[in-house]
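What follows is a single chain, given as structure tokens, in the form predicted alone.
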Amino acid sequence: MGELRAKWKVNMYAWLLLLPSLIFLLLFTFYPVIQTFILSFHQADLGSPEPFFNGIDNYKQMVEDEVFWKVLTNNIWFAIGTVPTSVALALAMALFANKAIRGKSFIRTAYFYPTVVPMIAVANIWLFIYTPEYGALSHVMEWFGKGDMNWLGDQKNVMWAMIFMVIWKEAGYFMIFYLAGLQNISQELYESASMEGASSWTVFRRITFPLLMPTTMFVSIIAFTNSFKLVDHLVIMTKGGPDNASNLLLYYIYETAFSFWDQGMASALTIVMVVLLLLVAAFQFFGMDKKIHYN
């Protein structure tokens, strides 16, 4: 009886400690998601004084909307362009910064610096770099005898310009997680491999990378999520143009909700984005979990 009472007290204390976080989670995560889901089945635009139930009409209109499919395709290509490259670059940066060389602190700071710069400031910096005629990139191309190019005004190039900028911004952030993972790997493993005469590539393939798989899974999920939520730069640089060539799903939701004032459609778009992120995160988590070495 005494053991049960002690166990009950421990559990009660644990739940009391979690209670503030649970309240915030319910108020600012679950409740808004539920309300958004309910509103997605209502017509709530400027032509409707009061929202009224319209079934799945918002979802039907979404499927028939060419802009939605273009924006979704843009976001998928944006994720494909940014996630693998930024994760691989972050790993390479972490491996280099983790070596015992001079200036290690400076190198780590230089790699991480873009992360601490606000995205709005980053967008303004790269807007100057990409500006035709007097932008920094235009001057570099002139030195090599190349013609001027309107990176943000060309539908074929604007997405590549966005992808390159986001990789520059995000790689340093992911590097920090890889640095933490590298420092948790026992040096005895590397010493044993050295005694066996293993090459650097073999050490990386057989020891370092497998033991970094938990970090890689975490970083991949964060990177994919970021590829759908990073839209601050669009406000400054392109506003989704030209002709929606750089538009992304979250920015399209913002436009639908606060420019066109169609709250019902914006809610439906939000639910689609949330479900898509959950499915991909679940696939990454449960699919990669079998290949992960936790010990």
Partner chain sequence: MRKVVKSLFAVVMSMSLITGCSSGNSSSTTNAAQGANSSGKTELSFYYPVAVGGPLTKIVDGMAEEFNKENPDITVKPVYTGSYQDTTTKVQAAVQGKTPPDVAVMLSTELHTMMDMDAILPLDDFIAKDGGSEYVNDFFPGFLANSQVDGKTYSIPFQRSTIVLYYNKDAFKEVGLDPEKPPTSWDELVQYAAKLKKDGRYGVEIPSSSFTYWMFQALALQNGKNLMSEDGKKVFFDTPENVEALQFWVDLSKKHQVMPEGVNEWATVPSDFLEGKTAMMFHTTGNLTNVKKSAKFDFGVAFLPAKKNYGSPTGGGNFYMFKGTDAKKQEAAWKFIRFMTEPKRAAQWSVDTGYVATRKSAYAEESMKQYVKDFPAAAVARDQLEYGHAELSTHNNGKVTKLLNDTLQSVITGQSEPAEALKKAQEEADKMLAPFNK
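Throughout, rigid core stands for the largest set of C-alpha atoms superposing within 1.5 Å between the two forms. All values reported here derive from a predicted model rather than from experimental measurement. Residue numbers count along the first chain shown, from 1.
Heads up, the form predicted in complex with the partner chain isn't pictured, but that's what we're talking about next.
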{"property": "The partner chain in the predicted bound form reached by all of Asn98, Gly181 and Gln183, non-hydrogen atom within 4.5 Å", "result": "no"}
{"property": "In the predicted bound form, the residue from Trp69, Tyr59, Phe260, Phe37 that sits within 4.5 Å of the partner chain by heavy atoms", "result": "Phe260"}
{"property": "Partner contact for Met237 in the predicted bound form: the partner chain, 4.5 angstroms, heavy atom", "result": "yes"}
{"property": "Heavy atom of Thr131 within 4.5 Å of the partner chain in the predicted bound form", "result": "yes"}
{"property": "4.5 Å heavy atom contact, Gly47 and the partner chain in the predicted bound form", "result": "yes"}
{"property": "4.5 Å heavy atom contact, Pro20 and the partner chain in the predicted bound form", "result": "yes"}
{"property": "Location of the partner chain contact in the predicted bound form, chosen stretch of 86-94, 220-228, 113-121, 153-161 [non-hydrogen atom, 4.5 Å]", "result": "153-161"}
{"property": "In the predicted bound form: members of 234-262 within 4.5 Å of the partner chain, any heavy atom", "result": "Met237, Lys239, Gly241, Pro242, Asp243, Asn244, Asn247, Tyr252, Tyr254, Glu255, Phe258, Ser259, Phe260, Trp261, Asp262"}
{"property": "Core superposition between the shown form and the other one, C-alpha change of Leu17 at least 2 Å", "result": "yes"}
